[in-house]
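You are given structure tokens for the same protein chain in two forms, set apart as structure 1 and structure 2.
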Structure 1
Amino acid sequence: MTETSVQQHGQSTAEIGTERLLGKGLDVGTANLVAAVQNTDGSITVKLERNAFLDVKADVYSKAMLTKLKVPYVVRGEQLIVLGEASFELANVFGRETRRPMRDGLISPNEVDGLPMIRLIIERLLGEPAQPGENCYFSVPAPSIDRDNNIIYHQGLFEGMLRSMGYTARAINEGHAVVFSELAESDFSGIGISFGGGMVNICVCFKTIPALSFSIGRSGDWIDKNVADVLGIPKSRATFLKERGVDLAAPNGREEEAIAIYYRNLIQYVLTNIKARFESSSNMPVFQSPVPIVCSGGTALAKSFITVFQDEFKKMKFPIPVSGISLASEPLNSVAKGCLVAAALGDAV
């Protein structure tokens, strides 16, 4: 808590220095923006905010009221724009959809207003640099195998944004970040997978170095949409049902069945594509001993996710020996933590 005030008032770096180590990690996700910093006691502090906003007529709520309700807003002309998690709650109240600055892992070209909003959220999460040019590594998706995604534009945009905030900004692949945070035990060899909202990011890593990274343009949102379609319910309802908690190995009722089916389908799709990419790319590293697969991201939070993953894994002939499949220790934090590892290492990465 003290830390927040320190950041907001831009206090002396000495004060920060006693609490924080240099370097910040930022997970730029379609659904969530997550920032991580390292404390001197070895722990880390993570801040998460929904990557969403909602505009409401300025006269609907009084500003004082919003502040009292702890709802963050900015004023834009005639409108109040509510940022982050609170925008979801309000959207429900108004029966509207939140506006999302990103789609399928990238800044959305349709949301022109989104850019300043995402910047405000990021500023809130990161605070000011502890010293000018402090390292900040942020995650970017890998090229997609099934979407036309322009990463250069997206990446350049966030680099510019972070630089304008006083950071030295560097991008790191999302899947690679997962490997950095989760696979130290295997000397950073193995497969890191991030199951996010808009996409799945996969990175096959050999001794810290990515040998193959790619993304798939379906994940949590895709499950929601399909479940909504087959059940004839609004998408937000599907999201709600899914996040409320479904045991994928023992779905209960029609709705949960549908969710489990699409989960299984997604996992199958991911595995098949890893296999295909591995076999079609020449020059893949040869893994002498079996390597681990680690799953992270909000979509991997579903109960029995790993069980279903293992199930699907057993059904296929995987191209490399795998020692085990596990869930990241903190699935929503992995990417930000991996970015933080990169930032803390600095140029040594």
Structure 2
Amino acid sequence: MTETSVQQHGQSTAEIGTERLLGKGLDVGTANLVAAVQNTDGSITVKLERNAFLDVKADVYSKAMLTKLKVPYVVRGEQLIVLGEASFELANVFGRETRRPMRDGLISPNEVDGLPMIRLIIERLLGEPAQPGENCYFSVPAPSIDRDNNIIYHQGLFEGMLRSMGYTARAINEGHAVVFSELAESDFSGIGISFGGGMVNICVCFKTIPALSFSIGRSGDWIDKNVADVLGIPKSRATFLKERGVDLAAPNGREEEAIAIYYRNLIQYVLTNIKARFESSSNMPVFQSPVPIVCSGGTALAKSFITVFQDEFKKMKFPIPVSGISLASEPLNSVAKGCLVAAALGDAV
């Protein structure tokens, strides 16, 4: 589990010696789960864990190896279940695929063990509420324009899970959370885009009020699947290659070239659909001045991502004036931080 603070990297809130203010934010992502909490000194502690697990045979050797390496696991019948980042690392070592509790931005209907595993990870990230009923705002995807993604069941599952952990659970759209996190200097007006693992979420906001929210059913997992198919490698290997570091503007070798090709295609597809959705909407706000676009999410971490995004943006006539295109200061943490802002505001959101 990765934990960071603006004060001290890798230390918990207790170790820093501060008390928590009420309210927590939780990014429920397809690829990663991220929790954010603000300390009394104004710093923010963020904890991140990969949203995945791997089953290993529960023999004496495996238990000893995992214990020695300090790999987190739980015993489930005759299996050891390795959680989070460690499951991804082991999957790459043994040429296996991790098991994923979520798919395409929602809880996976094909992974029967997914819900209890994701709960274990969330419990480790959030801990207990500072007081009963503490606010916890969690991210949910917006309705998709290119696939069926009814979020009612998904949202209800996580509301119930967080309530049973002692929190007052509130859902917030993922793109809206990006606006809260990144666009304070523009009075929370602009376009927040979250390039997650399963989907891309977009929110157009005017002074905190979401005017238009929707999602697109392609993102990081779509890149991984297609790269794996064309290269003839496991999907987990394609994910590893992508996350290892690729310069999208100057790919090196066949593997990086494939990743760069699918990245550019994804960005083209997203921008084309955003433009079409804006042009077909009857309730778009009229901005008096150009507004910013900010991109976040793990898929946006690739080197030269914003350069490629800007290149593709210049090729089309966008329906609203844009002042600039930027990357979130901490792309992986942006949604969780936005959820934290919403939790602090409470019922005002």
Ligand SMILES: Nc1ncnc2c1ncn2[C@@H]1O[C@H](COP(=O)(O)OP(=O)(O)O)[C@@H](O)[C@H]1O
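Residue positions are counted from 1 along structure 1's sequence. Here the structure is a predicted model, which means the values were calculated and not measured. Take the two forms, superpose them, and find the largest set of C-alpha atoms that agree within 1.5 Å; that set is the rigid core.
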The form predicted alone: is that structure 1, or is it structure 2? 2
After a rigid core superposition, would you say the CA of Pro234 moves by 2 angstroms or more between structure 1 and structure 2, or not? yes
Establish whether a shift of 2 Å or more occurs at the C-alpha of Thr67 between structure 1 and structure 2, with the two forms superposed on the rigid core. yes
